[in-house]
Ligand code: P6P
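First comes one chain, alone, set out as structure tokens in the form predicted on its own.
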């Protein structure tokens, strides 16, 4: 049976998306093409001498991998040259980038992204991913972009997705009505629909957390971890949020990244990681909250690199964590 390609799916379903336009559909398709290019680079990283750190740190103090820089530059250049993106904000850049200084660009949409989540895993050939979200800009198309165009609540996202570069390459995205997964077929060079209308199981067998930091977690989180141990609940942790959340989406369970003594508010970026993945999990039937039991998608965003804790996954598993908070 012939598979439906990403382009065919987007065109066939664009009328189902609220306020969708050819511009919005084109932007989704261009993100798919950029993902193919990043996938090619990831697969050849060892041959292109872009493994390891580049010696710099990003705006939030993390060591920057060479592949981070490469993927970030590639995403920015491609989205700029697409002519249908007003601007971008990236985890790797301190501020946003406005493309509208080019008089030919009058787009209604901006893109936020983490170009390569879990990039330190590349050196040891473990799955990494790209996360993206699309917002409709708040400013008028005839005016320059402002930070407010990007610092929007997650419930204002018009689309969110991720690309998992693993044993196979998958693009998973939602425009607010369902979650669909596409597997990259290298033979034809296309993403093809392989996981339509994805739903997260209401309960899973796994929990995912960096338990090595448990002595820095709150007593409430540790009480939950002790409960997991008493029930012999299996721990699975990859260290790449995309990979861990993808497994949780597919198999059920819960992913936790709580606050610590040194980072009580958490370490994950709301714009680039928490909001897009929360939109996907919620559309698939799951729950995403922070350690204060607040819905991630309802959080006010005041800074481009604002951080949060996150507890995300199957409805029953997240509700169990809530009972300990």
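Residue numbers count along the first chain shown, from 1. None of these values were measured; they are calculated from a predicted model.
There is another form of this protein, the form predicted together with the named molecule, and it is not shown here; the text below is about that form.
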query	finding
Non-hydrogen atom contact residue 145 with the named molecule in the predicted bound form at 4.5 angstroms	no
Interface membership of residue 241, the named molecule in the predicted bound form, 4.5 Å heavy atom rule	yes
Contact test in the predicted bound form: residue 267 vs the named molecule, heavy atoms, 4.5 Å	yes
Contact label in the predicted bound form: residue 237 to the named molecule, heavy atom within 4.5 Å	yes
Answer range among 133 to 141, 250 to 258, 188 to 196, 167 to 175 for contact with the named molecule, defined in the predicted bound form as heavy atoms within 4.5 Å	250 to 258
The named molecule: the contacting residue among 125, 101, 220, 210 in the predicted bound form [heavy atom, 4.5 Å]	210
One residue of 118, 201, 83, 181 in contact with the named molecule, assessed in the predicted bound form (non-hydrogen atom, 4.5 angstroms)	118
